[in-house]
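Presented as structure tokens, the chain that follows is alone, the form predicted on its own.
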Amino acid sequence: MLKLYGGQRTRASIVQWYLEEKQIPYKFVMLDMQAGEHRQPEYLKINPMGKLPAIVEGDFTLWESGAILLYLAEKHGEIEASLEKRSVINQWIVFANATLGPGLFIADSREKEKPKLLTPLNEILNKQPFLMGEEFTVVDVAVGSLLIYTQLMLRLDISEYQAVGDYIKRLMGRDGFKNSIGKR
């Protein structure tokens, strides 16, 4: 069985959301970061960086939430064989972790970056319910989780981005979300 290693306030909850959405069996292993369990030799064998999340499935280990999401999506049939489709999914997941997250969570650049990021997202979501079109995908977990966290953690005012606000509500209403991030 797949093991997901996580801790309080880590991106493990993002991976957990995807596992819940796809109904993939897993065991959640909560590490006490305050006690330094993520820095112990047993865990450093899984992730030498000592960061969370990580997964272990048999002899296979993987860390970094974006890489884990891509692995799970490909393994469980969400990502087609098409190089183009895989590349677009990769693009959105890299965008979430490298552009959207820093743009909205780094206080010094937030006000400058917010309109640059949320305006095009709002335009996309005005035309379709999910980022890739009509269907919920792994992309919505990667990008949507960060948008949701801006509301839960930062209380970021997004009132001028109605489609983004509606998207967040749609995502938070999903059972997979309720059974993961929504429980915290």
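Don't overthink the numbering: it's just position in the shown sequence, from 1. Just so you know, these numbers come straight off a predicted model, no measurement behind them.
The form predicted in complex with a small molecule is left out here; the points below concern that form.
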property	result
In the model of the complex, the residue from K45, K27, K116, R39 that sits within 4.5 Å of the small molecule by heavy atoms	R39
Output flag, L125, Q151 and V164 jointly within 4.5 Å of the small molecule in the model of the complex, heavy atom basis	no
Contact segment among 19-27, 156-164, 5-13, 171-179, judged by heavy atoms lying within 4.5 Å of the small molecule in the model of the complex	5-13
The small molecule contact in the model of the complex: E57, any heavy atom under 4.5 Å	no
Contact flag, M33 vs the small molecule in the model of the complex, heavy atom cut 4.5 Å	yes
Contact label in the model of the complex: P53 to the small molecule, heavy atom within 4.5 Å	yes
4.5 Å heavy atom contact, S145 and the small molecule in the model of the complex	no
